[in-house]
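Read the single chain below, which is given as structure tokens and is the form predicted alone.
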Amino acid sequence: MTTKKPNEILISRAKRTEDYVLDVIVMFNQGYDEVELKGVGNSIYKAVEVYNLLKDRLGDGIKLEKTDIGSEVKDRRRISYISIRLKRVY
């Protein structure tokens, strides 16, 4: 989880949830077929909320491709994460 891919969005508490929803829609419009959302620590809930808002807004236009949960050690602390991979369906 150390390198960021071009189709990856790291969710943090700095931006509003609606801004992340818009970022995903823009990435789909730019031609990406898959987008990966990653929430770490206290931002896990926000990553799930972004997915739920996208599903409400786009309906069957997106598909949940894969979900990973786990933890990684950072600065001698174990931090939980969630990775949600979405696929565009047309």
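Start at 1 and count along the sequence shown; that's the residue number. Keep in mind that what you see is a predicted model, and the values were worked out from it rather than measured.
A second form of this protein, the form predicted together with another copy of the chain, is not displayed here; the remarks below concern that form.
- Another copy of the chain in the model of the complex is approached by residue 56, whose closest heavy atom lies within 4.5 angstroms of it.
- The shortest heavy atom separation between residue 71 and another copy of the chain in the model of the complex is within 4.5 Å.
- Although the partner is absent here, residue 32 sits far enough away that none of its heavy atoms falls within 4.5 Å of another copy of the chain in the model of the complex.
- In the model of the complex, residue 9 stays away from another copy of the chain, with no heavy atom inside 4.5 Å.
- Contacts of stretch 34-69 with another copy of the chain in the model of the complex, defined by any heavy atom lying within 4.5 Å, are made by 41, 42, 44, 45, 48, 49, 51, 52, 56, 64, 67, 69, listed in sequence order.
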